[in-house]
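Only one chain is included here, represented as structure tokens and corresponding to the form predicted alone.
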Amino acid sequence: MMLQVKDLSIEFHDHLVPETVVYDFDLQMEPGEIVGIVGESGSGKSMSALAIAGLLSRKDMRKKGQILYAGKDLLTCSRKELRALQGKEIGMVFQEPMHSLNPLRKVGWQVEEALLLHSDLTKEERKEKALQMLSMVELKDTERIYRSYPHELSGGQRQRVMLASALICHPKLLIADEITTSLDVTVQAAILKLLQRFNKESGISILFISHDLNVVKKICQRILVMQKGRVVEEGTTEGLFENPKTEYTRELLDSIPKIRKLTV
């Protein structure tokens, strides 16, 4: 097993009254698996993903349980051990690249950043690898994009840049948090195909976070459904769509727009 999360609970302590946002979250992932976590805004799915990525503050919150990866508990390991995994073993892509990309840094530097931390490559070697990765995420005119600032690119191009940055060190696990939400349908489909291609060609495992069951259906083999901080249902994608067990899952399925055939 590549990743195992046991009884993860997250409680914020930055208010007068502590607030629990995730209760007893469990997750198991095998190498090469694509697993989806779905739920409405505030369901705890992104908080769970951030905890797995090691990106939650260790102040003002209490985290219980275990997140086991590569023999280490990411909740209790040292910051040095955690930083050694972030970017190299575990990559993460967020919903809005403009909030993640540094507007004052050119794209090339940002794609290369993980290589600066996790490799001994020369400046020339880092650039060559960055250009290769920009090409692998199907960006054209890679030299221009390498020299560009984020604001000079389209939303779809920025999301591909974020993918290139997250994948540059060939991590074993990619966490994709709502990465297709702000994209139009055509670009969304292209990003999903990219993820599927990387999964097939490199065997990377993908934890795909979304509020949209229709999108998750296209890419995931298993799905966890979260509501108010708890996993309320889990199963194969096919089984969950054909035979949902909870009323909440049925409501999510019913909310998927249906295409009606028009009769003339």
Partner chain sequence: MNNNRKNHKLYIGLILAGLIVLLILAGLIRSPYPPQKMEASLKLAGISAAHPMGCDQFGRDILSRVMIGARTTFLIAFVTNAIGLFFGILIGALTGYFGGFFDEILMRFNDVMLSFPSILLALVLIALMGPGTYQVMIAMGIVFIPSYARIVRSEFIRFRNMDYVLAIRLMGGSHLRIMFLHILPNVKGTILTSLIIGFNNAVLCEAAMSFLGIGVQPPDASLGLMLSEAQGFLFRAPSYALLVGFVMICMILSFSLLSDSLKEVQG
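Residue numbers count along the first chain shown, from 1. Note that the structure is predicted; figures quoted are calculated from it, not measured.
The form predicted together with its partner chain exists for this protein as well; it is not shown, and the discussion that follows is about that form.
- Here is the short version: of Leu183, Ala114, Leu131, Leu194, the single residue with a heavy atom within 4.5 Å of its partner chain in the predicted bound form is Ala114.
- Comment: its partner chain is not present in this chain, but in the predicted bound form one of Val137, Ala176, Ile145, Ile90 has a heavy atom within 4.5 Å of it, namely Ile90.
- Interface residue remark: His118 is counted as part of the site for its partner chain in the predicted bound form, having a heavy atom within 4.5 Å.
- Interface membership of Gln188, defined by any non-hydrogen atom within 4.5 Å of its partner chain in the predicted bound form, is ruled out.
- When its partner chain is considered in the predicted bound form, Gln110 lines it closely, a heavy atom lying within 4.5 Å.
- Using a 4.5 angstroms threshold between heavy atoms, Ser154 stays clear of its partner chain in the predicted bound form.
- Heavy atoms within 4.5 Å of its partner chain in the predicted bound form are found in exactly one of 50-58, 196-204, 225-233, 34-42, that being 50-58.
- Using a 4.5 angstroms heavy atom cutoff to its partner chain in the predicted bound form, all of Ser100, Arg105 and Ser165 count as contacting.
- Of the residues in 237-254, none comes within 4.5 Å of its partner chain in the predicted bound form through any heavy atom.
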